[in-house]
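Heads up, the chain below is alone and in the form predicted alone; it's given as structure tokens.
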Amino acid sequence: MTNPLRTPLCETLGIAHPIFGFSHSVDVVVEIAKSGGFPVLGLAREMPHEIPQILQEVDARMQGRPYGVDLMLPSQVPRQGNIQEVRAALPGAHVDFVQRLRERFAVPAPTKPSFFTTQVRSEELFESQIEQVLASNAIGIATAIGLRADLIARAKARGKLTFSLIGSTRHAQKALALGVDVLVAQGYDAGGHTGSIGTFSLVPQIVAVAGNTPVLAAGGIGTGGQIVASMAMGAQGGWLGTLWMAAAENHTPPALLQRLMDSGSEDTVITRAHSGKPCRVVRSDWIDAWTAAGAPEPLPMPMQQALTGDVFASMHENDDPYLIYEAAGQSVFAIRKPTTVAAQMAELTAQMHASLGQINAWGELRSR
């Protein structure tokens, strides 16, 4: 019997379910693949020297299953990124403000090096990341911020499918002109860097301009019913990110997991305090401090990260229950307990079939 929920893009990729899962965790992406979805590993936060080893591990553990990699490639960043030089150029008033916050919240210095304490985004960093990803066995390459014609051409030349996360029809038309294979219509509801149009308003607009190019729906999706609703608008699947932070395989710090479980959609906010660009995160005392009276405007990327990256690293290293936050979408409503990827995938697929069954039942009632 034909599965009505298996879309043409599922056939192209050789996956069982129209569930596309973004995560920074290798363990999460492996489990999504095992459960029949298409995982996308985010590598925008990884230390450059670690990426080859990470991709080797993914390739080995996937055992031939398809997966993708996501990069963040914003424009208007320096050619070379020396975090010490960027820190030296920070405005004094911002440095003083953050130092007062460190003292107020008693933030200890992080003890381990991380992307946020040693790197700033730069063209040199992006080129290194791109080379490593192109050399991997990933069959898909997604870009979250920034469209780069050379990357799209090089990825396609290697037989890789290109995905572009876009937030407007203008972005979609640019991506289509560059030959992007899959458009990911990411609505305002999404966690991380996002635009200004809600998912349910954005998806039909992108579908209308996409022609034969497949579209995925992203932003605030945490249930199988939402995936079915996206498909009813013409999308060929749902792109989920926030939900996986509830899974054991994500290794979410306990205080952050508790914050996510306690939060509703209204507890996520769009702020520039994280990276310098509009980014939806789950609120914490640190995020609220940037909207308090007397707080300066956040600096542009990459300066904001150079200003506050050590605090972000510290709050995660120390699992600070008051300060810890993370990029998170309005789909936090679906995070209510610790779970596993396999359980989440099973629940999503059951919800999808239940939603489709409900629609069919209504049709049968009307036909009586």
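Don't overthink the numbering: it's just position in the shown sequence, from 1. Computed from a predicted structure; not experimentally measured.
Keep in mind that the form predicted together with a small molecule is missing from the display, and what follows is about it.
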For this session: Among 303 to 311, 338 to 346, 27 to 35, 64 to 72, mark the stretch whose residues have heavy atoms within 4.5 Å of the small molecule in the predicted complex.
Result: 64 to 72
Exercise. Is residue 320 close enough to the small molecule in the predicted complex to count, meaning some heavy atom within 4.5 Å?
Worked result: no
Exercise. Using 4.5 Å between non-hydrogen atoms, is residue 237 touching the small molecule in the predicted complex?
Worked result: no
Exercise. Is there a heavy atom of residue 191 no more than 4.5 Å from a heavy atom of the small molecule in the predicted complex?
Worked result: yes
Exercise. Heavy atoms within 4.5 Å of the small molecule in the predicted complex: does residue 39 have any?
Worked result: no
Problem set entry | in the predicted complex, the one of 165, 227, 216, 202 near the small molecule [non-hydrogen atom within 4.5 angstroms] | 165
Problem set entry | 144, 282, 246, 138 - the one with a heavy atom within 4.5 Å of the small molecule in the predicted complex | 144
